[in-house]
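Single chain ahead, by itself, as structure tokens, in the form predicted alone.
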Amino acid sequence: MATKSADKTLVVVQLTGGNDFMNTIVPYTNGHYYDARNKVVMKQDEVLPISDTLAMNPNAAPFKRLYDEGKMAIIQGIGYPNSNRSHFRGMDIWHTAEPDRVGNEGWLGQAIRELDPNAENVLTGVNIGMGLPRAMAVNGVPVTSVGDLENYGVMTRLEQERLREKALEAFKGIYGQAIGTGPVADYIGQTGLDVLKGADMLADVAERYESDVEYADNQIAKNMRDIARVHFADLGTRIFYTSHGGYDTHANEMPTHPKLMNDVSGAISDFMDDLEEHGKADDVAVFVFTEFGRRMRDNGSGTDHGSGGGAYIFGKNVRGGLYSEYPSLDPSDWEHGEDLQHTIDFRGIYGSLLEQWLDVDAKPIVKGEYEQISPFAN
């Protein structure tokens, strides 16, 4: 398709489990924060200030660098009315952009269908990880999913077949019940063929890649490096997806969350440097989201499922800064007496990404018109 955004690429990173927004973008001068958080709290003298009222988690220094360079947009208070606190349903809502009913088409799968209407390229959408995210699942839309590029290329055909079966089982287990029966079996079967075909096309991508950027030895860093490898191979991929797990911090948040912040900020920062080194930074945007925020009060060891979280957009052509409003921390404004209220609907952010970056009409995908932001420089 010859559109103005013919070569724009969107990378989506899912922080699975519900990232603690308040301990990521810290309201470090707000007394209500320190009143509500006794144990699971960022100390005022340790955070990395970005304004008079907000600071970055000190373990996310690479994010602070990107923010200072104007390459990080922070979307405050993202959510939707009557936020669902179930992981499965909450993630389902973010994947389908349908909070009021169980949707059966992923928002990115619909975008892939618009970008490649004749389903000519099984690599238009690529997931790095096991199974297939529901966000990419749409009947008749081919998507490739590959767990580990490094090893895939050296596997025998039999090993690749086994991997495909494993991926399909994971996919079936997660999505079969949600999508329903009947066409599901056909869809899963076809998906398996597409996954295998796409993975075959990626078999030699790892060995062709060269870079001076040294990614860390953790899963999200490896996944971001794999996205870079595929992107630099110029195979026509427009949408990448990957996820980083471990954010369901009901307990032991203080030892767990810092490592998560360190890993994800380092991985995205290295990815951005890699794009720059290869002259590919202009046309890639990275969107990072999580299914919900955490509650205002900690529980002594961690934080429980809440609402009013945060999302982030990174890129060379991103207008860095703060978007929407940080939710009020005043107890009289807490939702259900314990939660941050959302201040912008996530469907408006999807709309911003779809229309302003990928040049895809958002209305049929998000089922309406929602307030958008303008995070892109061009």
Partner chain sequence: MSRPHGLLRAGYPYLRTLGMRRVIGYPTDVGWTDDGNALILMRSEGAASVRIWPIEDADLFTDDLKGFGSYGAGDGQMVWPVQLITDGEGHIYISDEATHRITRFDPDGQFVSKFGARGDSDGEFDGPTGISFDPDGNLVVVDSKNHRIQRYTVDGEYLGGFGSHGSEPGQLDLPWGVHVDELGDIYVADWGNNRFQAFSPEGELKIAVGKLGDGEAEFDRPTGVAVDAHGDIYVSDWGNNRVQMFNSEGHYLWSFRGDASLSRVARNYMLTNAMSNRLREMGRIEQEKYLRRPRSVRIDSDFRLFIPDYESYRVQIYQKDVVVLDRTQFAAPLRNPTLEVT
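Residue numbers count along the first chain shown, from 1. All values reported here derive from a predicted model rather than from experimental measurement.
The protein also exists as the form predicted together with the partner chain; that form is not presented, and the subsequent description refers to it.
- When you look in the model of the complex, the only residue of 35, 68, 46, 338 with a non-hydrogen atom within 4.5 Å of the partner chain is 338.
- The listed set 270, 304, 263, 114 contains one residue whose heavy atoms approach the partner chain in the model of the complex to within 4.5 Å, identified as 304.
- Not displayed here, the partner chain is kept clear of residue 274 by more than 4.5 Å at the level of heavy atoms in the model of the complex.
- In the model of the complex, residue 255 approaches the partner chain with a heavy atom inside 4.5 Å.
- Within this chain, residue 225 is remote from the site of the partner chain in the model of the complex, having no heavy atom within 4.5 Å.
- Put simply, residue 218 is far from the partner chain in the model of the complex: not one heavy atom of it is within 4.5 Å.
- Listed stretches are 234-242, 293-301, 208-216, 69-77; the contact stretch with the partner chain in the model of the complex is 293-301, by a heavy atom cutoff of 4.5 Å.
- Taken together, 39, 85 and 250 are fully in contact with the partner chain in the model of the complex: each brings a heavy atom within 4.5 Å.
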